[in-house]
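A lone chain, given as structure tokens: the form predicted on its own.
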Amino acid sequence: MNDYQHSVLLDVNKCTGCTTCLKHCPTEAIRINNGHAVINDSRCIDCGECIRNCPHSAKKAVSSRLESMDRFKYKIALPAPTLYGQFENLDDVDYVLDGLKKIGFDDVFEVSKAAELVSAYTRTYLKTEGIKKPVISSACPVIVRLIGLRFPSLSGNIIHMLPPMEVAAYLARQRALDNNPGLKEEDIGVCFISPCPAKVSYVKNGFADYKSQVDEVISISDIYFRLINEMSHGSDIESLSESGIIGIGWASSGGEASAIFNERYLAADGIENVNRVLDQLENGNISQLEFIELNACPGGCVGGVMTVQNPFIAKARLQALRHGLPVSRNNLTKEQSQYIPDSYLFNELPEYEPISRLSGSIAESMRMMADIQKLKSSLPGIDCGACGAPNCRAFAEDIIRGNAHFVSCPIKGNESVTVKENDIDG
């Protein structure tokens, strides 16, 4: 999709062409050309791995500024539960929520509250006849885009449940309208405070036929210092928290999966582990499961590149914060659990062009695949990255697609290029 708006961008002035990023990109979206990295927009999934691994800070996440909310009459903050793990010695979530109101928000709606509702309805979803199992969580937008690009055969396994961020935005808007009869829809602005750039892209691009209920996405790192200056540790804070252990648990890997109250689940985090799980699942090498939770960031959302704190420290803080909380403050009645409201579901998945598809013609694709294999066998096979591609197989594909030349290989490039290219053609 050429018009896909990304939130991970390259600062060419800082890039040295060191090849670190292309070694870590899970979709091989990066090449080194003319001495610096080039990101292929159609392959980028905004996972932030290049940001995490770049030694020169040449990759950056782009999100909104807090001032972008000034255009709205009524401003609502949606804090991700990851935000709570950023603060040292935090013993009450209300300090954070109260602080958000002090920096200019009119209302705060916890994403962790919506997460508890999504967990409850996921349990209902898993009991529905005819769904394809194992069900794969749709909460991480990186995973949804990764499956569409690299594992399209697994698209049918993705749960058609909106992520907690969207449910929170919908419920927050309804609460604002109910409590403020003078407000109009256009008066209300909803701001998600995010740990990762993928949520920025999600809001910018929508989700197939679904338009996000969120207006702006601000990074945790941008709001952290404003917030910490306003967080007062006194007795005058407003009691705002409406979530428990389950909701806060969504910030760390395994939190969503454990909330389905079913032992037949798998939870994996870190993009390399995610790719291995999806490979095994696609090949039928994973035993029967009910539910799979996948998080692109190491440790879960606490590992997002738009956070401030070390993910392991943040996870430990969240574990401590959960002590004394109820399991959930958002339980469904028996009647409510019989069906899932439309406001929690999406109809269609986004359509992506699989990166393994070489041509629109099957015959042409097969010919190109054979040429790639033939060319790859003539390359050194050491995957050094000096050619500007992440590995020899990717370099061979670039040549066959007409995007590179054999001479770029520093080891084999000086050999009979003409003979090799003629061998492929003939």
Partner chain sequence: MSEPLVFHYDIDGEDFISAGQASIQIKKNLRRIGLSPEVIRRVSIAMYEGEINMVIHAKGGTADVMLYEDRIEIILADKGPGISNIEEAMQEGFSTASDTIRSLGFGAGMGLPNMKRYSDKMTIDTTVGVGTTVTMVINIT
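Note that the rigid core is defined as the largest set of C-alphas that superpose within 1.5 Å between two forms. Numbering follows the first chain given and starts at 1. The model shown is predicted, which means the values in this text are computed figures rather than measured ones.
Not pictured, yet referred to below: the form predicted together with its partner chain.
Of Ala386, Val38, Val62, Met369, which residue is found within 4.5 angstroms of its partner chain in the predicted complex when only non-hydrogen atoms are counted?
In short, Met369.
Next item on the list: Could you spot which one of Ser365, Asn53, Asn33, Ser378 gets a heavy atom to within 4.5 Å of its partner chain in the predicted complex?
Entry: The residue from Ser365, Asn53, Asn33, Ser378 that makes the contact is Ser365.
Query raised in the report: Among 357-365, 378-386, 53-61, 66-74, which stretch sits within 4.5 Å of its partner chain in the predicted complex, heavy atoms only?
Result: Every other range fails; the passing one is 357-365.
Would Phe105 count as a contact of its partner chain in the predicted complex, using a 4.5 angstroms cut-off between non-hydrogen atoms? Output for Phe105 is no: heavy atoms all beyond 4.5 Å of its partner chain.
Q. Should Glu397 be counted as a contact of its partner chain in the predicted complex, where contact means heavy atoms within 4.5 Å?
A. Output for Glu397 is yes: heavy atoms within 4.5 Å of its partner chain.
Review point. Does its partner chain come within 4.5 Å of any heavy atom of Arg173 in the predicted complex?
Key: Arg173: no, not in contact with its partner chain in the predicted complex.
Report yes if any heavy atom of Lys315 sits within 4.5 Å of a heavy atom of its partner chain in the predicted complex; otherwise report no. No, Lys315 stays farther than 4.5 Å from its partner chain in the predicted complex.
With the partner left out here, if you bring back its partner chain in the predicted complex, are Ser153, Asp279 and Tyr352 all within 4.5 Å of it by some heavy atom?
Every listed residue reaches its partner chain in the predicted complex, so yes.
With its partner chain taken in the predicted complex, which residues across 283-319 come within 4.5 angstroms through any non-hydrogen atom?
Heavy-atom contacts to its partner chain in the predicted complex: Asn283, Asn285.
Shift of Ile372 between this form and the one not shown at or above 2 Å (CA, core fit): Yes, its C-alpha moves 2 Å or more.
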